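The chain below stands alone and is given in structure tokens; this is the form predicted on its own.
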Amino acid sequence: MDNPTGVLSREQKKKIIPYLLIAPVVIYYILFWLLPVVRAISGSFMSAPADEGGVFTFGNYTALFKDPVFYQALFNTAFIVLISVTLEFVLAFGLALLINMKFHGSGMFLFLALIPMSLPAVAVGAMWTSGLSTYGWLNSFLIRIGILNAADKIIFLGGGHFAKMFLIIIVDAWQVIPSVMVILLSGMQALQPEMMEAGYVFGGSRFKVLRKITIPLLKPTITTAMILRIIAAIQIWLIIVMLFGYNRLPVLLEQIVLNVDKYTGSEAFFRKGMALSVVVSLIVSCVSFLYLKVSGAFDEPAGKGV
């Protein structure tokens, strides 16, 4: 029935209020996320104005896929993601299990373990740049405790290609493991202890209870932690640049910064950087979707629809 007075009824107000509450968030995402994304995608298909007047072209992507540095950056990023995510999950899961035992001093141990997570990437890069240099604090510490002689110094930053990547993985793991550990620990503390106790009652060993009960119950938490970690690992670049400089150990995000910000004055490099940003976004989306698919996040819960 129409409302001739034009005044909203109580039921109509109840239906409108949720939309009014989410409206600021929707407007924010449209202005500061959706519009920049649309502009980046459209800009990646535009030629440099100095060359062709800004017409539609695939030239930016052609130049990107013909660049050998792109494939090197793709390989380096994939290698770092694969090794670092695996290493960090295993260590973070072990630390979460240890802290979840609530031994004497576990609170202080958790506090100390969280310190690296609180440091910004710039601070971590500066700290390890000074520590890993030839006359840095790490060599000084090893000399002070007697592991090295005063005349002997380890050239941490002078290794080969894979040595540099493993060094980045170690530094990144030092900072990131606490954040993964916190996510896993929160999931463990939300579990009902009766479920694990039932496993022990029926003769299960500690390892069998962990494998058959704890890990399956933690599956949503593990999925969340792994997706966040994979996305963050793909985006690593600042620590690499601070330790080795640009193009010494190319990764995908570093190449975006290099083309967009460092090669100033060249519209062609800027457009190439926009094309690379679109490619990286697609890679992140595909990797996240693939992990969700493999982990069974899209599977229909048992018993639903019966």
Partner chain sequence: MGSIRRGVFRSVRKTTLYIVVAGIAMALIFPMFFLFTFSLMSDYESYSEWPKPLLPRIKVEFRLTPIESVDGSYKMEIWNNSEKGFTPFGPEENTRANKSLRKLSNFIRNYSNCFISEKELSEIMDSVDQNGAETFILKKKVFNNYTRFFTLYSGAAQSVLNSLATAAMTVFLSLSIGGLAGYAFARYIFKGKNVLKLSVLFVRMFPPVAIALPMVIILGKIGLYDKPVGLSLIYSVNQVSLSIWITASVFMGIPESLEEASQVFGASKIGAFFRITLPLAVPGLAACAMYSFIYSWNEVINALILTQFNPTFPVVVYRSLLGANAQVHLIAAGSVAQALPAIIFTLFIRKYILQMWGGVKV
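Basically, rigid core = biggest C-alpha set you can superpose within 1.5 Å across the two forms. Numbering follows the first chain given and starts at 1. This is a predicted model, so every value here is computed, not measured.
The same protein has a further form, the form predicted in complex with the partner chain, not shown here; the description that follows concerns it.
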- Message: Check residue 212 for me: does it contact the partner chain in the predicted complex (non-hydrogen atoms, 4.5 angstroms)?
- Response: no
- Message: Please tell me whether any heavy atom belonging to residue 251 falls inside 4.5 Å of a heavy atom of the partner chain, as the geometry stands in the predicted complex.
- Response: no
- Using 4.5 Å between non-hydrogen atoms, is residue 201 touching the partner chain in the predicted complex? no
- Query: Can any non-hydrogen atom of residue 207 be found within 4.5 angstroms of the partner chain in the predicted complex?
  - Reply: no
- One residue of 117, 170, 90, 82 in contact with the partner chain, assessed in the predicted complex (non-hydrogen atom, 4.5 angstroms): 117
- So which of 113, 165, 196, 78 gets a non-hydrogen atom within 4.5 Å of the partner chain in the predicted complex? 113
- Query: So which bits of 112 to 141 sit within 4.5 Å of the partner chain in the predicted complex, heavy atoms only?
  - Reply: 112, 113, 114, 115, 116, 117, 118, 119, 120, 122, 123, 126, 127, 128, 130, 134, 135, 136, 137, 138, 139, 140, 141
- Query: residue 16: with the rigid core matched between this form and the one not shown, does its Cα shift 2 Å or more?
  - Reply: yes
